[in-house]
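One chain is shown next in structure tokens, namely the form predicted alone.
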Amino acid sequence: MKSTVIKEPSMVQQKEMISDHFQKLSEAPERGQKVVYTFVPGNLTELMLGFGTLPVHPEINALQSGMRKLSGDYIGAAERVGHSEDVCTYVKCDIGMLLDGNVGPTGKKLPDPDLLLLSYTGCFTFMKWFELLRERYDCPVAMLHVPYQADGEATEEMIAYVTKQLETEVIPKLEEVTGVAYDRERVREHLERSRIAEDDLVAVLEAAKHRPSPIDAYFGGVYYIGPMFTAFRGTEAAGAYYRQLRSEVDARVAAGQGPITPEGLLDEERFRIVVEGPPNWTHFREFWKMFYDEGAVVVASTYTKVGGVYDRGFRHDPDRPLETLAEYCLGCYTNLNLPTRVDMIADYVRDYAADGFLINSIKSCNSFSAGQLVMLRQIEDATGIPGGFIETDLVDPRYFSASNVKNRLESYFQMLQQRGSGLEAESA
């Protein structure tokens, strides 16, 4: 691989944002600033910022550990104290990291939580994960129960149910922990910043409808969604980041350029692919290169919707602060039923003129992998496009077989080429 990577201003900007956030976390106990552990899907960032708290996301800690090649040792440590091999590897990685001192990506210890805030959005593992954390931290716990969209829609009753919990469970706990009263206007200001940034994010994601696509919406997409899905939504820094990112993507569209990858600009777009499922983090660049080498660009993905399905029309509404947070939680991808997911992926295949779609089935993630083979057949029936299927894991290096994944991908792209898909077949 090349030793140098193109660094656009937005990439540098995001790196500085993350570094600053972890620096603030390391100093939080000294400053008396409160820290809230929470999850990405259904996170209540604007509400937490309204109380002046700093968020920590355990699954982000795990994926960063995977990318830094530390997750294998952390998982081993968790298994040695009794956690099963079949448990979600995000959980085991986080527990192992905790046992090893809970040192973050900047080399500084993360502060203990002042509040565990569980927003349950379709992944039952989140509940068990926070039970494990509750055993290790002496702090309050707030749970926001979000009903599953079993019938494919969020009803008024569901919205009212979640809103009531925000009023009676979450806000009182935040007030108790911080000593700060709920300020509706302050939260409204954060939500207004979110709404504007969400417009820019959607413009970036939908730029993939151009040919060639100026972005990779899976591998590159995990960077694009980072500020929106984690600690920065509703901040001025996030707004500035997404304005910069959008201008860069618009410039690539105007120049007819493909996406930026670790190998540089992709010169030739041969295949346009939609991907279902999270990426593998332990071999992220190697995984991405398998697509790059084939000229395959991911034009849409479901993983970039785990923290919000903004491209399906949702925007945070600052005039209805608690209700809009409830609607957001209800609409996260992990809270959608399988028929809704099938329809979404089929729409992506058609709307983004994809040549194929691929499922990356994650060994330890039932929230994504359950039902995926059924989904694959239904998407094929709906679109007339053949699907591909590979298997990896989130952060357990034992379950990434590079040769197996590469062989399956090569076979799939060869099949697409033979049936008349891809740039070479079109120009023949």
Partner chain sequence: MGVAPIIDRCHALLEDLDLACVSEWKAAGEGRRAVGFLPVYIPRELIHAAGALPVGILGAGEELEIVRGDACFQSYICHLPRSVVELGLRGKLDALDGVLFPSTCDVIRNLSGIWKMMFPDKEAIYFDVPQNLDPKVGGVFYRDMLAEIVTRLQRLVGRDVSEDDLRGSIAAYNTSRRLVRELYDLRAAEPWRVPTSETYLLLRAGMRLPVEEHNEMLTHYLAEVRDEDRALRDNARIVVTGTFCEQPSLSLVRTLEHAGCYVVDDDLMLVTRWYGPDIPTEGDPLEAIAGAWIDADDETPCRYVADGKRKGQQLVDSVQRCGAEGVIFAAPSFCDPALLDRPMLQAVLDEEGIAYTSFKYSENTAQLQPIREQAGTFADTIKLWSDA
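Just so it is clear, the model here is predicted, and its values are computed rather than measured. Residue numbers count along the first chain shown, from 1.
Omitted from view is the form predicted in complex with the partner chain, to which the following refers.
Engineer: Can you pick the stretch from 309-317, 190-198, 156-164, 205-213 whose heavy atoms fall within 4.5 Å of the partner chain in the predicted bound form?
Structural biologist: Comparing against the partner chain in the predicted bound form, the contact stretch is 156-164.
Engineer: Is residue 255 part of the interface with the partner chain in the predicted bound form - any heavy atom within 4.5 Å?
Structural biologist: Residue 255 lies outside the contact set for the partner chain.
Engineer: Please run the contact check for residue 141 against the partner chain in the predicted bound form: heavy atoms, 4.5 angstroms, yes or no?
Structural biologist: Residue 141: contacts the partner chain in the predicted bound form.
Engineer: Report yes if any heavy atom of residue 247 sits within 4.5 Å of a heavy atom of the partner chain in the predicted bound form; otherwise report no.
Structural biologist: Residue-level check for residue 247: no, no contact with the partner chain.
Engineer: Does at least one non-hydrogen atom of residue 388 fall within 4.5 angstroms of the partner chain in the predicted bound form?
Structural biologist: Residue 388: no, not in contact with the partner chain in the predicted bound form.
Engineer: Check each of 145, 108, 186, 285 and return the one that places a heavy atom within 4.5 angstroms of the partner chain in the predicted bound form.
Structural biologist: Going through each option in turn, the one that passes is 145.
Engineer: With the partner chain left out of view, choose which of 237, 99, 290, 87 has a non-hydrogen atom within 4.5 angstroms of it in the predicted bound form.
Structural biologist: Comparing distances to the partner chain in the predicted bound form, the residue within 4.5 Å is 87.
Engineer: Even though the chain is shown alone, can you say which residues of 120-140 have a heavy atom within 4.5 Å of the partner chain in the predicted bound form?
Structural biologist: Going through 120-140 in order - heavy atoms within 4.5 Å of the partner chain in the predicted bound form - the hits are 120, 122, 123, 124, 125, 127, 128, 131, 132, 134, 135.
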